[in-house]
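In what follows, one protein chain appears twice in different forms, each by itself as structure tokens: structure 1 and structure 2.
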Structure 1
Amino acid sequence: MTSALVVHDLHLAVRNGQVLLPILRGINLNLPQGEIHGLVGESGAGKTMLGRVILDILPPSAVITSGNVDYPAHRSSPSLNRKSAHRRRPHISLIPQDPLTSLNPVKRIGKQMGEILRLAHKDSSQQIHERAKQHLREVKIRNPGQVLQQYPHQLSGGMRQRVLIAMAFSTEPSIIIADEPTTALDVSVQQRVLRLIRDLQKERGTTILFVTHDLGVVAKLCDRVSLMHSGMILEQGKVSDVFQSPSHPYTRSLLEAIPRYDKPREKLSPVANDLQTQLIREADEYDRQRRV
């Protein structure tokens, strides 16, 4: 199967004064077309940074020290100027984490969707409006005409996330980075939103990198999974394999930390401090060896 996204030995650091702090340490990813790939890690593991490299929206202080990101299906010329992300990577979209801060609070939904659609299509306002309506219908919004006239604060959390999903799919991307899209939602809404993402993905063959810290969601949604800690991928494989027989102690430890409603009450076991320290030490050791 053809690859949609290849990340090869990616190293990334953030400049802090005179020093470069390593954030990503040799990331390798190969996502075939149409895969949902889970990217799991605690806060600070570098998941969001990896997503930003792929989207090419790195902050100015971040430097790629080696390695590269490649899209075999869409080899476009490398970006030269800092224009909007869409023009540089028209085949990639983002579903962001927080639907409230990701939408402009003083613009109606219709206007915000129009801005994106106008980048992809040279249509009249009327046609853009119709397209926006169509995209909202695809995410199971029952009254798209009304929603287009509303401001973000008038919608519920689940509805806002649906709007963002519609926006992400509206440019017909081949790759979508979903950065914790359901963390802010409650369980039953989360289930519906996940199903929506999965259905749209299946219909269009989109490749999705699903960034999350919730292993439960990964188990239900993803084909393969990568577990990250301090900028390194510790374990990678098919979801069925990783969950059944995790090979890395960190994966085992994370799985044990999850509270479960189907088990009687017992003390939870958070990832042990020893293991955390050991992983950080390994990361430092990695940096030292690279410098030598």
Structure 2
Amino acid sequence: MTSALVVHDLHLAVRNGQVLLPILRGINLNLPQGEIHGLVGESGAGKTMLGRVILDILPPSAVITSGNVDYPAHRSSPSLNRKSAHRRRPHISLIPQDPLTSLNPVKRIGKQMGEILRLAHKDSSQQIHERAKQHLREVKIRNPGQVLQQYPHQLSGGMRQRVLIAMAFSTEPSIIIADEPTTALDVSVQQRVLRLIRDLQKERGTTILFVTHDLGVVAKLCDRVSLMHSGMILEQGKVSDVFQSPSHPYTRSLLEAIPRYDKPREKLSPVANDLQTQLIREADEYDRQRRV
């Protein structure tokens, strides 16, 4: 199967004065076309920064010190550092984490969707309006014409997230980065949103990198998973294999820390501090050996 995205030995650091602080350490990732790949880790593990590398929206202080991001199915150049990569990489969309802050509070939904659609379609205003209505119908929003006339604060959290999903899929991207898109939603709404993402992905064959800290979401949605800590991927594989037979102590600890409905009296085991310390030391040793 052709790969939609390949990250090879990616190292990224953030400049702090004259010092480069390592953030991503030797990331290797391969996403086949049409796969939903879960990227799991604690806050600060480097998940969002990896997503920003792929989206090419790094802050000025961030520096890719080595490695590359390739798009084999789109004949891209071997490195995002080259200007030609911007022209030859596939279209990539983002489903952000917080729908309220991601949408412009002073613009109507129709205006915001229209701005996105005009980048992909050279249609008349009426045609863009009809396209926007159709995309809202696809994400199960009733009365799409009315919603297009509303402002973000007039919609519920679930509806705002559906609008962002519609905007992400509306330009028919090859790859979507979903950065914890259900974190701000309650459980019942979260289930419907996840089902919606899965249905749209199956229908269109889109490749999705789903960034999350929730292993339960990964189990329900993703085909494969990678687990990160301290800017490194510790384990990756099929979701069923990783969950049933985790090979890394950190993965086992994460799974043991999840409450189970089938074992309500089972005592939870939090990730041990000494394991966290060991992982940080291993990351520091990795950086030291690279400098030698």
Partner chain sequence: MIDSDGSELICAQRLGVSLPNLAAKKRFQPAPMVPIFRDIDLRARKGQCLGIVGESGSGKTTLGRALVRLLRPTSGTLLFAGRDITTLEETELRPIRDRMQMIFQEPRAALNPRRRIDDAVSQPLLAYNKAGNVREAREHAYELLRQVGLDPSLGKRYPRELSGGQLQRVCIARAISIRPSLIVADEIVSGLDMSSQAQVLNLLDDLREKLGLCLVFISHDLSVVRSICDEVIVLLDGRQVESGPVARMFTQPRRRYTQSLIQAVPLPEPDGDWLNDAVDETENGNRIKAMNIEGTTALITGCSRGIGRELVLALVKSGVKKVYATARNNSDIDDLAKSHPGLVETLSLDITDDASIHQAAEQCGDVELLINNAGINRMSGLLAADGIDGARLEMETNYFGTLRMCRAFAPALKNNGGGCIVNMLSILSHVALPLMGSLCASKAAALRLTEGVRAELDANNTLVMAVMPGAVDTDMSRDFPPPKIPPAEVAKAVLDGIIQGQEEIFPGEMASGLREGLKADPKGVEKELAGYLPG
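All values derive from a computational prediction rather than experimental measurement. Note that the rigid core is defined as the largest set of C-alphas that superpose within 1.5 Å between two forms. Here, a residue number simply tells you its place in the sequence of structure 1, counted from 1.
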| item | value |
| --- | --- |
| Pair member that is the form predicted alone | 2 |
| Rigid core superposed: Leu268 CA moves 2 Å or more between structure 1 and structure 2 | yes |
| Per-residue C-alpha change between structure 1 and structure 2, Pro259, threshold 2 Å, rigid core fit | yes |
